[in-house]
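The form predicted alone is given below as one chain in structure tokens.
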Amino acid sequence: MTSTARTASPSPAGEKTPPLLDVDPYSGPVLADPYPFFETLRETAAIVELETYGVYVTGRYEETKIILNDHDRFTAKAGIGIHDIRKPGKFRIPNRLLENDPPSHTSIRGVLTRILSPIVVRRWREHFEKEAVIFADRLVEKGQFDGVEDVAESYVLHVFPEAVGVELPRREALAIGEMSFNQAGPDNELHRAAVKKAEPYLDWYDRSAERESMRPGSIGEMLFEAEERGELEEGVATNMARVFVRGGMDTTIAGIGFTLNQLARNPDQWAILKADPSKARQAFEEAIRHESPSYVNFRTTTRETELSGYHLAADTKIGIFSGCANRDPRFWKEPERYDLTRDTAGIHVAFGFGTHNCIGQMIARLEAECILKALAERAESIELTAEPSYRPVNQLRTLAELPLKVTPRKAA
């Protein structure tokens, strides 16, 4: 592999230079099974430099929280992917929420927080629950199904458009999402293949984020109404609508898949959920702690700085691997074990942390809770019929197939 690492510069007295790690986290074998890399990353040092890309990364929990919450030293404005979107040849229109810092970020998030208030989200519960019951009845009657295509993808792509306000046909939506998550990584074969796959749907993608495409009463319509009232700068509503279309469902789909996978692998955990289906949200939270959909997110140093005793150069990308931090034994007890009774909500970093935590997490939790609860109320058992497979994506950890078998509950 070709190294693009910077020439090391002398560190101030008392500060160490991050050690080099010659591992490509975007290579096929690592994407297929990142956990050996995660362990190496965590145990090498609090901060390391990836020799292949010349970027800093961490896999430890405490450092992850610091980086995500300190926008003064670690800016999101250069993009949350590996490329600096401010640089020639890498420029693209930034995500006005995720790739922004206070105070601009604060004002936009304030409007979105009001739109996505708990009161608004609760209005969707009845619809989400009703649809989940229909899906669960059908799945239990069927007996065998794919937990990705038949459950996670089908359910989320059915109910999420009702909330966001746009049509999300499966083929188009998944292709655009895959392109977006691959573009956040290096210009590798995954990136190029995803762009080519999405090309036929780019016109649909542009149209889907237009004012005229929004359903009445939806998030999308409320965004445009806020912009029309002058609460958002011109262009922010379209930008945010595009964000919901291209990345509003992929991580939720992944998280529901991970939950089903762990419940099928751990009959004792399924028994806990079956006995008390109200624990469905806990099962989901622990699943995305145990196996996080967001593979890696980047910030950029605003100046020379120090973190955990290591000297960091200015204007340099620094990545955090959420799935690695969420299994850091320095913080978590028995991190490799899936335990839905574990207290994880608001503690794990699968939804980010601090000012940039996921704005749509309430919707994700509601979707997951509804479909998992409905299944737990109707299925006596759940098991794998074959080993699941993973879909390689530069910036997303997600299943491709999850062959499952359920048996119906016996009538009381």
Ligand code: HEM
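Quick caveat: nothing in here was measured; it's all calculated off a predicted structure. Position 1 is the first residue in the sequence shown; the rest follow in order.
Beyond what is shown, the protein has a form predicted in complex with this ligand; the following relates to that form.
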Inset, instruction - Tell me, yes or no, whether residue 44 is in contact with this ligand in the predicted complex, where a contact means a heavy atom of each within 4.5 Å. - result: no
Legend entry - residue 299 within 4.5 Å of this ligand in the predicted complex, heavy atoms: yes
Inset, instruction - Give a yes or no for residue 34: in the predicted complex, does one of its heavy atoms lie within 4.5 Å of a heavy atom belonging to this ligand? - result: no
Inset, instruction - Spell out, yes or no, whether the shortest heavy atom distance between residue 248 and this ligand in the predicted complex is within 4.5 Å. - result: yes
Legend entry - Contact check for 48, 54 and 74 against this ligand in the predicted complex, heavy atom at 4.5 Å: no
Inset, instruction - Taking 4.5 Å between heavy atoms as the contact cutoff, choose which of 359, 366, 382, 376 touches this ligand in the predicted complex. - result: 359
Inset, instruction - Please pick, from 311, 109, 215, 342, the one residue with any non-hydrogen atom lying within 4.5 angstroms of this ligand in the predicted complex. - result: 109
Inset, instruction - Tell me, please, which stretch of 58-66, 26-34, 383-391, 350-358 lies within 4.5 angstroms of this ligand in the predicted complex when heavy atoms are compared? - result: 350-358
